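The chain that follows stands alone, in the form predicted on its own, written as structure tokens.
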């Protein structure tokens, strides 16, 4: 039988959203719904609801996992509930038209602020030093240069504030 860490990422991915019982080297058992499995460390992220209706997130380190048993299969509804609790609102799906509108708004705002920006498919590229992915919010900016990252994130945030201000008016 394969050790937990030797299993394929595909096998781990198949456990996502299922309610499982994870046993570690010390024979401790942890029950919960699999949110994800880290493909590098094989660590399992379990979600469970405590008696007080509080969400508990537990990470069982991959090197300590000895067995994982599926207790109940997940459904689309449980997957949606997990994502709505943990993922920020921006990660919830926007229509293709809304994404296109946001991308265009951010691109125009950056150009108005004299920032060199180009479109590369669904991604905005700033001076070949930064990318902005959908849904084009400050947290979607990525760059190795922290100064550029910070400044562009501030501009994207000010664009979001400008849009919210227009919506209130």
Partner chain sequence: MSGMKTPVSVLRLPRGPEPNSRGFDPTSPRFIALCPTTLPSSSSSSGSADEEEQRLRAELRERFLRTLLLMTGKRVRFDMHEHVRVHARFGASDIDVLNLQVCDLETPLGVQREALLRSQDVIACSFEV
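What we label the rigid core is the largest C-alpha set whose atoms superpose within 1.5 Å from one form to the other. Numbering follows the first chain given and starts at 1. Note that the structure is predicted; figures quoted are calculated from it, not measured.
Not on display, but discussed next: the form predicted together with the partner chain.
The stretch that touches the partner chain in the predicted complex, counting heavy atoms within 4.5 Å, is 25 to 33, out of 66 to 74, 25 to 33, 114 to 122, 101 to 109. Interface membership of residue 162, defined by any non-hydrogen atom within 4.5 Å of the partner chain in the predicted complex, is ruled out. The closest heavy atom approach of residue 45 to the partner chain in the predicted complex falls within 4.5 Å.
Contact annotation for residue 130: none of its heavy atoms lies within 4.5 Å of the partner chain in the predicted complex.
In the predicted complex, the partner chain sits beyond 4.5 Å of every heavy atom of residue 21. Of all the residues from 7 to 29, those having a non-hydrogen atom no more than 4.5 Å from the partner chain in the predicted complex are 7, 9, 10, 12, 13, 16, 24, 26, 28. Superposed on the core, the two forms barely differ at residue 17: its CA moves less than 2 Å between the shown form and the other one.
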